[in-house]
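Below you will find one chain, with nothing else, as C-alpha cells; this is the form predicted on its own, and questions on how it binds or moves follow later.
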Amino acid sequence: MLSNVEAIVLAAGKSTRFKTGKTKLIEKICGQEMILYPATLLNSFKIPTTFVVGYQKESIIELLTKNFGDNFNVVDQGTPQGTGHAILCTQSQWSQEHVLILNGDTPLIKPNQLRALYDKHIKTNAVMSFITAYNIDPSLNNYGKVVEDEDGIRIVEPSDFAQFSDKLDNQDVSCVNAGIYILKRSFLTDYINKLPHNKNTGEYYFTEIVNLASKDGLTVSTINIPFDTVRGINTLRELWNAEQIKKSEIIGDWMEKGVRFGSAQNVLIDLNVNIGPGTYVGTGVQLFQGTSIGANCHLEAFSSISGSTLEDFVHIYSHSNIKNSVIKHHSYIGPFAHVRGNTKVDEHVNIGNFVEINRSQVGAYSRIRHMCYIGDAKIGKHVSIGAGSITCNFDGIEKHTTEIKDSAFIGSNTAFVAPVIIGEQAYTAAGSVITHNVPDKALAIARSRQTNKEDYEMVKQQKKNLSQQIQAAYIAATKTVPDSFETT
C-alpha cells in the first residue's frame, strides 16, 4: 500500500509511429492490452487513478470500464500540447499528498520498483523523485537524457540534444529518463504553470519541472532500475521487443514451478494462464488467456488451447485446437483434433486424429478416433464411434441434438440426422444414415441393398471391341489417324 498517493496515467497520444491507425494502448502484449498493465498495477496498490485520454478515447474508456467498472477518473486533454499540458489538465482531480505519474505504454514496470521509488521519495523528503535506467543501445535515441552537473539535475529531451550537445558530450549519456515520477502535490501545484514553452516543438514538456526544481535548490531524488523494465513502446518493433521480454518472464516463472518446455523460445503463453507441475509444453504450443492446464499433462507441438480447462494427465497430440472447453483427466486428444464450443470431455476419453467436436458432451471411456464430426451431441460412457461418422445437426434453419447412450457401438461412416437418439448398447451398421431412434441393444441398418453386376469383364471387352470398330471406320472415312480415341 502506498499511502496518500494518487496516480496520473498519460494515455492521449496518437501512436503515429505504430502506423496502424489505432491507438497503441489497446494492442495486446501476452494477451492483455497495453494500457491494462499500468492500470492493473495501480489498482493492486489501491491508488486512485486518473487517465488522460484524447486520441480514440472511446476505445480506451470502454476497455477500462470493462475491467475496473467506474473505479477510475478520465480527463480529456483536448488539443494536445505536450506532457506538461496533459498533467495540467488533471489539476482539478488532485487531492492526495503525493502524485504518481507514468505513461500508458509501460507494461514491464514491477510493483517492487514503484514501491522503491515511493520509499526513496519519502526517505529523502524530495519534492519529486523519478526513475532512471541505463540504455546502451544507440538506436534507441527517443529517451530523454539525464544530465547532472554543478547546476543540478535536468532531463534533456531528444528535440533539444543539439542545443545541449556540450553538456551531453561531457556526461554519461546512457542514463535515460524512464518517464515515471512521484511528486509532492504542493510542489506540483506551485510549479506546473511555470513550465516553459519548447521553441522546437511548441509543446510544454513535463520534464522541465526537474530543471526548475534544481535551479531553486529543491531536493530531487532518483532510483535506477534495469532498462528492460521501463522500455517505452512507440513502434511495432518495440512492441515485439516488449512482448519477448514479458513472454520470457512468464515462461521463466513456470519453469521455476516445475513446467518443462521443449523449445521455450517458440512457445506462446498469455497472462492469466495456469500450468500444473510436471507438465510438458512442446514446440510452438500456444496457451491463450483463460486456460488452465493440470499437473503432468503433455502438450505436443503446435497445439493451441484457449479459454479451456485441462485436468491432470491429459495428453494433447500435435496440431490440435482446444477452445472454450473442458477436458477431464487421463484423456487423449488428437493429433489434428478440434474441440470447441463449451464441449465437455470426460475422463479417459480418446479423441483421435481429424476429429471435430462442437457444443457436445463426451462420456468417460468413450472413443472417437478417426475423422469424425460430432456437433450438438450428448455421447454416453464407453461409446465407440467408427471412422468418418458425423452428426447432421443443422437443417438449414436450426441446430438439433444427437444423443448416443452408454456402450453404443457406431459403425464407420454412420450419419445421424438429428434429432435422433441411439439407445444403450445399440449398434449401427457401417455406412448407415440414421433418421429414426434406435432402441437399446438393437442393430440399425439404414443403407440400400448391395447389387452386384455379373460378368462385368465381358461388358468391358464389348466396349473395347466397339471402340476399335468406331476407330477403324473413322480412319477409313478421313484417311487420318487420331492422337487418341475414346468412347463412352
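Numbering starts at 1 and runs along the sequence shown. For clarity, every value in this text was computed on a predicted model and none was experimentally measured.
FYI, the form predicted together with a small molecule isn't displayed, but the following is about it.
K.L.:
Within 4.5 Å of the small molecule in the model of the complex: all of 111, 132 and 226, by heavy atom?
P.N.:
Contact check failed for every one of 111, 132 and 226.
K.L.:
If you check 221, 353, 234, 90 against the small molecule in the model of the complex, which one has a heavy atom within 4.5 Å?
P.N.:
Selected option: 234.
K.L.:
Using a 4.5 Å cut on heavy atoms, which of 309, 296, 103, 401 is close to the small molecule in the model of the complex?
P.N.:
By the 4.5 Å heavy-atom cutoff, the listed residue in contact is 103.
K.L.:
Taking the partner as it appears in the model of the complex, which of 389-397, 78-86, 283-291, 345-353 has residues with heavy atoms within 4.5 Å of the small molecule?
P.N.:
Single hit among the candidates: 78-86.
K.L.:
Can you work out whether residue 181 and the small molecule are in contact in the model of the complex, taking contact to mean some heavy atom pair no more than 4.5 Å apart?
P.N.:
Close contact exists here: in the model of the complex, residue 181 approaches the small molecule to within 4.5 Å, heavy atoms only.
K.L.:
Consider residue 144 of the chain shown here, and say whether it contacts the small molecule in the model of the complex, taking contact as heavy atoms within 4.5 Å.
P.N.:
Within the cut-off, so yes.
K.L.:
State yes or no: in the model of the complex, is some non-hydrogen atom of residue 332 no more than 4.5 angstroms from a non-hydrogen atom of the small molecule?
P.N.:
Result no; residue 332 lies far from the small molecule in the model of the complex.
K.L.:
Quick one: does residue 177 come within 4.5 Å of the small molecule in the model of the complex, counting heavy atoms only?
P.N.:
Result yes; residue 177 sits at the interface with the small molecule in the model of the complex.
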